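A single chain, nothing else alongside it, follows as structure tokens in the form predicted on its own.
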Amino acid sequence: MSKRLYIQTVGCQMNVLDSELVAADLLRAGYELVDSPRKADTILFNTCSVRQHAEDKIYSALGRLKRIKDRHPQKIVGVLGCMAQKDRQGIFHRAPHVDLVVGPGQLGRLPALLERIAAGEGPLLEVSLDRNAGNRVSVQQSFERHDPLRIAETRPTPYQAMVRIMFGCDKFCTYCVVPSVRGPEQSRPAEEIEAEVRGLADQGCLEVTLLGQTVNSYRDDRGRKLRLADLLLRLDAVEGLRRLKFVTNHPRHVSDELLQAVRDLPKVSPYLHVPAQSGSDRILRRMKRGYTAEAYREMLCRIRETIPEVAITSDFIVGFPGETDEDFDRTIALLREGRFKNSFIFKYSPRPKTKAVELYADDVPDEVKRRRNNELLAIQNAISLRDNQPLVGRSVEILVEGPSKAGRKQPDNGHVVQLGGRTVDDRIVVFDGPPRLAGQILAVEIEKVDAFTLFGRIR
């Protein structure tokens, strides 16, 4: 049987990593990756449920695929990830041509499930237990670990990699579906993580980003208790590795020990992503975030006092149920005071199986959400531009990732294209150079900037 595989990924870095690991499993099982669903025998969608738009995108893609499936019924169509865990049988009802629905806790079973589909056993549904369907141990066990050996060919660049250090979430923010679709919080053993990072470094990987839904609540209680700061210390010693990052942080777990590790360990990037979500204490309580705006400001002060050169990014949600103009003004004030390198700003999207849907009416009109979203974006873009301007004329060290988005559209003459990379504090830099520079860490002199990008030339 021909085994040509196409995977489309929507969502966060955790989903991108899941797709990489799935692809690695299937390559080992004899599959070949292709760049189009029309070329594929197996078509997989790895999905996100954090916002309605992400789900709509997948259902739209599934609808377009029906005609292909009708003409080629032997093609296998699968839906993986968070939407699979949330919607379950509902996916088969909306898209009867789907053969396979697999939650994030069953991705390790995928090669065997695809064999069963090919043998005529479909459609198949494999998902984990609901959070309220048993005790914590039984629910946790239903979200099975999936951390196979890494294959460099399945990563966008062999020089960078993401490593999952924990999965699941126990915070239960009222707007968030992640605890339902990713299960209880679980941390991987430090020894296992260290071995994986050493293996990646042996493959030539220079930069590793550690992932977790709340990455700074990592704890390994096997033997001596280890926290994220301890793990960073161990990974900083990995030979060949040049940079370490970690996302996403929760404000309640930004400890002094963690900040000191970022300051003192040479390979750890001075970059922290710490979502605020709102500047209004009333909205933060409704969101069940567990901190006040003043506590968030105090955390920002501790970060900058400990790591003066740090770059901080944040997330904000506008239009949460009950958000008034006064609440929004408080968010504007926090955004202005925060001086974030960048902020990811989202309109509130009601999600099934969340407390916000159960407790609060979605009462902020969409046009108000849109206006507030655009206003915050404009303020943040002005801050980002002002923050980048002092870099003009300075030399920055970047890891060259390869051709930029624009460079990938340029003719490949083997000589000069626009290349892209990132600074140690995660700023995007583009410059002209030969593609062979990919994977090198080098100095670039910045000639101009905008809110999002630094433009430079090789020194």
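All residue numbers are counted from 1 along the displayed sequence. Just so it is clear, the structure is predicted and the values come from calculations on it, not from any experiment.
Quick note: we don't show the form predicted together with a small molecule, though the next part is all about it.
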> Is every one of 51, 176 and 349 in contact with the small molecule in the predicted complex, taking contact as a heavy atom within 4.5 Å?
Replying inline: yes
>> Is it the case that residue 236, even though its partner is missing from this view, gets within 4.5 Å of the small molecule in the predicted complex, heavy atoms only?
In response: no
>> With the partner left out here, check for me: in the predicted complex, does some heavy atom of residue 315 sit within 4.5 Å of the small molecule?
In response: yes
>> Taking the small molecule as it sits in the predicted complex, is residue 277 near enough to touch it, meaning that at least one heavy atom pair lies within 4.5 angstroms?
In response: yes
>> The chain here is shown without the small molecule. Which stretch in 380 to 388, 79 to 87, 315 to 323, 147 to 155 comes within 4.5 angstroms of it in the predicted complex, by heavy atom distance?
In response: 315 to 323
